[in-house]
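Just one chain is shown here, as structure tokens, and it is the form predicted on its own.
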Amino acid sequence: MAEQKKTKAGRTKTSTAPGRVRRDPERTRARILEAARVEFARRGLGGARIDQITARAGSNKRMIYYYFGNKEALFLAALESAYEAIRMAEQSLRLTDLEPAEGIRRLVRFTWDYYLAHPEFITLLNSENLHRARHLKKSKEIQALHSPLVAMLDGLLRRGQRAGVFRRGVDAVQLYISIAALGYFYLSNNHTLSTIFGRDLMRPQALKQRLGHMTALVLGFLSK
């Protein structure tokens, strides 16, 4: 039971009795989201179980329903948090401070490295595409999350055009989709592609070659 004590300033201070852990709502919610991302990425929406998510999060069903409402709402929250994580990481690239060509080079490398470090992001997106983005269409945040990325890339393209190093008429959204697709398809299909072409496409040397190829392809397209 919590115990109240008077401080020197006369304010009441509540102390937690031994053996009682004070709840941290934000930390609990974050743990549930992290566990949900892992389970949904591994098993999809249909295969993931609330019991598995609560066990991984060290929480209970009551907390999941309290914070998220139901399994589908939790899936949407996991998708939103996954997108938020990559968008926040992209902002840290500070592309507006770089020369245009270097900014593009850094964005291509970042996207590639992020996919390699976060394979669950790819599998989460695969799962939602199977549902035809049914959950993302309900999101009130997803488009706003992507607006800064589009603005940042559009500004980079415009600076490159003014400097005479990039061609005109390039749509920032189309360019980003192409950059994402070059890495996404390679990694999401690496098992079939490796089998078809008789190569281990996940070898370090193969990954290095792929990054070089993607970078040259994008910069070659943008060059005036």
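Residue positions are given as counts along the sequence shown, with the first one as 1. This structure is a prediction, so every number in the text was calculated from the model and none was measured.
The following text describes the form predicted in complex with another copy of the chain, which does not appear among the structures shown.
> Is residue 123 close to another copy of the chain in the predicted complex, meaning a heavy atom pair under 4.5 Å apart or at it?
Residue 123 belongs to the contact set for another copy of the chain.
> Determine whether any heavy atom of residue 83 comes within 4.5 Å of a heavy atom of another copy of the chain in the predicted complex, and answer yes or no.
Residue 83: yes, in contact with another copy of the chain in the predicted complex.
> Contact with another copy of the chain in the predicted complex for residue 128, defined as at least one heavy atom pair within 4.5 Å: yes or no?
Close contact exists here: in the predicted complex, residue 128 approaches another copy of the chain to within 4.5 Å, heavy atoms only.
> Closest heavy atom of residue 161 to another copy of the chain in the predicted complex, within 4.5 Å or not?
Although another copy of the chain is absent here, residue 161 would stay clear of it in the predicted complex, with no heavy atoms inside 4.5 Å.
> So which of 145, 73, 93, 117 gets a non-hydrogen atom within 4.5 Å of another copy of the chain in the predicted complex?
Flagged contact: 145.
> Quick one: which residues from 25-44 get a non-hydrogen atom within 4.5 Å of another copy of the chain in the predicted complex?
Residues within 4.5 Å: 41, 42, 43, 44.
> If the CA atoms of residue 90 and residue 147 move by 3 Å or more in the predicted complex, do they move toward each other or away, so closer or farther than here?
It is closer: in the predicted complex, the C-alpha atoms of residue 90 and residue 147 lie at least 3 Å nearer than they do here.
> What happens to the Cα distance from residue 68 to residue 149 in the predicted complex: does it get closer or farther than here, with a change of 3 angstroms or more?
Relative to this form, farther apart in the predicted complex.
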